[in-house]
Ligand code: HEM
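Below you will find one chain, with nothing else, as C-alpha cells; this is the form predicted on its own, and questions on how it binds or moves follow later.
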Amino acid sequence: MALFSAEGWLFLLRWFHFLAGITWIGLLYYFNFVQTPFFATAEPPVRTGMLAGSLVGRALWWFRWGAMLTFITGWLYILHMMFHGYGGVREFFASAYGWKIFFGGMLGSLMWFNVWFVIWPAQKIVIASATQVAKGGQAIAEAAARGQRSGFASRTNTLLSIPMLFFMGSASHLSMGDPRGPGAKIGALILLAIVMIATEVNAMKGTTGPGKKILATLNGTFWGGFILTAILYFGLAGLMR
C-alpha cells in the first residue's frame, strides 16, 4: 500500500482518529479515576492550587481538542465508508456494519457535545473562581453548582464510553445479521434516540434526580455503562434478525 494513495489517506485518517481518541478518553478516565477522587479528599488549598495553577486548565485543553479531533476524523471516516465504501446512504444502512459504526459515532458525538457545551463552559467558571480565591478574592457563587453539573456530565461520558467503544470495536469484529426491512431501521433509530435522550436528561438532572445514584460512584457508572451496552447490542441484534 502506498501511503500517498486513497487507501493510504484513509489509513492516516483512522490513525489520527485513534491517536485523538486515546488522548480524549485517556484524559476522561484520568479526570474520573484519578483527579476527582483526589479532589474529594485533598485540602482546599491543594485543589485551588491545581485549578488556579493551570494544571487542570492544561489537561482540559488536551481533553477538549482531543475530543474535537476525534469527532471530526470519526465522521470523516463514517462519511467515507457511507459514500465510497458502500456506495451510498441506503447501502450503508442496509448493513450491520453501518449500524454498529453509526451507533458508536452517535454516542461519541453526544460525548463530544458534553465536552464542549457542558463540561468546558462549567470548568471555565470553576477555574476562574479558584483563581480569584488564590488571589485573595471571593469565590464565584455559581462555581460549585457548575462544577457538580460538569462532574455528572463527565461521569455520563465515562458511562457512554463503554458502549461507544464496544460498537466501534464490534463493527468489523463481531458478526450480526443485516437489517431486513425499513421496520428494523426505524426501530434501531428509535432505540438509539431513546437511550441518548434518557442518558443526556439524566446527565442534566442527575444532581437531583434518580440518576444521581448511578453517576455518584465509579461502580455505578461502570455498571450503568455495561447495562447500556447490553440494551443497545441485544436491542439492535434483535432488530437485525
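Note that residue numbering begins at 1 and tracks the sequence as displayed. All of these numbers come straight from a predicted model, not from anything done at the bench.
As for the form predicted together with ligand HEM, it is not shown, yet the points below apply to it.
S.K.: Quick check for you: of 142 to 150, 158 to 166, 115 to 123, 129 to 137, which stretch puts a non-hydrogen atom within 4.5 Å of ligand HEM in the predicted bound form?
M.R.: Selected range: 158 to 166.
S.K.: Ok, 12, 22, 218, 230: which has a heavy atom sitting within 4.5 Å of ligand HEM in the predicted bound form?
M.R.: In short, 22.
S.K.: Evaluate residue 71 for contact with ligand HEM in the predicted bound form, applying a 4.5 angstroms cut-off between non-hydrogen atoms, and reply yes or no.
M.R.: Within the cut-off, so yes.
S.K.: Would you check, heavy atoms only and a 4.5 Å threshold, whether residue 173 touches ligand HEM in the predicted bound form?
M.R.: It does: once ligand HEM is placed as it appears in the predicted bound form, residue 173 has a heavy atom within 4.5 Å of it.
S.K.: May I ask you to state whether residue 96 is within 4.5 Å of ligand HEM in the predicted bound form, using heavy atom distances?
M.R.: It does not: once ligand HEM is placed as it appears in the predicted bound form, residue 96 has no heavy atom within 4.5 Å of it.
S.K.: Is residue 83 close enough to ligand HEM in the predicted bound form to count, meaning some heavy atom within 4.5 Å?
M.R.: Because no heavy atom of residue 83 falls inside 4.5 Å of ligand HEM in the predicted bound form, the answer is no.
S.K.: For 89 to 121: residues with a non-hydrogen atom within 4.5 angstroms of ligand HEM in the predicted bound form?
M.R.: 97, 101, 105, 108, 109 sit within 4.5 Å of the partner.
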